[in-house]
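We begin with a single chain expressed as structure tokens, specifically the form predicted alone.
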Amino acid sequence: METMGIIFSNIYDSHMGALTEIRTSASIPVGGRYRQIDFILSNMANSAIRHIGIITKYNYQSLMDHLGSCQEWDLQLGSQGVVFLPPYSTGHTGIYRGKLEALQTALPVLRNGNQDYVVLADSNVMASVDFRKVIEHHAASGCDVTVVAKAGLTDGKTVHHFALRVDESGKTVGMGVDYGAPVGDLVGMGMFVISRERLISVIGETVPHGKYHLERDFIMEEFNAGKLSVNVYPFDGVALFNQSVESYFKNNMALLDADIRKGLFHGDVPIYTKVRDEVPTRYGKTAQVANCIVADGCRLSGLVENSVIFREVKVEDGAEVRDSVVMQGCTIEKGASVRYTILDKDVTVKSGTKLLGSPEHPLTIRKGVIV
């Protein structure tokens, strides 16, 4: 069963604050050396999905720079491999409001393909998913759409973008969009399987009528009307949802847990990223480093605890970094203190400066700022 993939790179940009002022959600750095898109792109590549369209909207230069020729994922950039789908290339205004409208950009790729199925996926979920198993589950179900979903995340209070309810046999019996799903419901992971021909038909039938929200205006509406059968693929692995600055910070901190890292990076579906060889990190005589993820090329002489440190970060003697995410090229000078903070790339924290956020509301410093 041949399958193609469509990745949405910008859908959650408006929720990510300063992190997406100059980049897409897909290209936000995570975990010391990765970008968010690395997870879904690796999942597709490892599942023999070779033809992949990446829907973009704006600020996608950093994403293109990161992916390059796509050789790190054993994929090819081009018409038969990975293709970027900017809105203006198809005459779309670029101001799409949701996934259905965004999919208009992918219509030429969908029509020219010969694959049986399409995997639609967000780029903000960190997980190791074998789509070969998902496709088999979908085909066996005989349903129109399969949703990859995660159990154990609902509490009746937390608002989830898309949640589903299944009965004891696994049959979908209800769903909701943007609401506090009760305990026992499953949370959609932004990953869907649908036949290519059906998707083309759906786009043509919904978008001209002002419908733009995939989950609400197509899946839930058609399901409630009895016109769509929905299958749920229950994913039992680690899944981290980066849907806000707060969740991004929390999920980076979660990577300090060895069990979380093992669930993401040591399974049957390896996660690839762009290779950038650097010299090993140098730890000075005064360095105190504990419970951290540290990439290569760093120079650490101060105190660093419970933090995710990207490449080429410099922490001077007498500086302190705790419970923070420090991206590539940052410098924390002597006497500076950083805690519960996200430092974007190339930030300089001057001597004597104190930056303090909180676990629930981390402080975010924009790229290239001197504070």
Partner chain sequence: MYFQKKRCVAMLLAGGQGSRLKVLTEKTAKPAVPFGGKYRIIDFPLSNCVNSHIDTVGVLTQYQPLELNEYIGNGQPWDLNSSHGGVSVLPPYARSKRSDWYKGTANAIYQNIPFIARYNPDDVLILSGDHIYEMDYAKMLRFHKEKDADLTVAVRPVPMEEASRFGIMNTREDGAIYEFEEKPKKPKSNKASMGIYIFKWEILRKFLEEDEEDPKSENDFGKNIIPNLLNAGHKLYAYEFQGYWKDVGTINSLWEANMDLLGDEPEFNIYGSNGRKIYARNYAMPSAFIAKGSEISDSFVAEGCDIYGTVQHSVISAGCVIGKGAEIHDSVIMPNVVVEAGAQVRHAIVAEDCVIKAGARVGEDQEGSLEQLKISVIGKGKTVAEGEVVAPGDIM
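In this text the structure is predicted, and so the values were computed from the model without any measurement. Residue numbers count along the first chain shown, from 1.
Absent from the display: the form predicted in complex with its partner chain. The rest refers to it.
Peer 1: Taking its partner chain as it sits in the model of the complex, is residue 290 in contact with it (heavy atom to heavy atom, 4.5 Å or less)?
Peer 2: Contact with its partner chain, yes.
Peer 1: Is residue 225 part of the interface with its partner chain in the model of the complex - any heavy atom within 4.5 Å?
Peer 2: It does not: once its partner chain is placed as it appears in the model of the complex, residue 225 has no heavy atom within 4.5 Å of it.
Peer 1: Is residue 29 part of the interface with its partner chain in the model of the complex - any heavy atom within 4.5 Å?
Peer 2: No, residue 29 is distant from the partner.
Peer 1: Residue-level contact is defined here as any heavy atom of the residue lying within 4.5 Å of its partner chain in the model of the complex; does residue 210 satisfy this criterion?
Peer 2: No, no contact at 4.5 Å.
Peer 1: With the partner removed from view, which of 216-224, 155-163, 265-273, 240-248 is the stretch that lies within 4.5 Å of its partner chain in the model of the complex, judged by heavy atom distances?
Peer 2: Answer to the contact question: 265-273.
Peer 1: Of these, 108, 180, 86, 284, which has a heavy atom no more than 4.5 Å from its partner chain in the model of the complex?
Peer 2: If I apply the 4.5 Å criterion carefully, the residue I get is 284.
Peer 1: Just to be sure I understand the contacts: of 100, 120, 294, 199, which is the one whose heavy atoms reach within 4.5 angstroms of its partner chain in the model of the complex?
Peer 2: Only one listed residue qualifies here, and that residue is 294.
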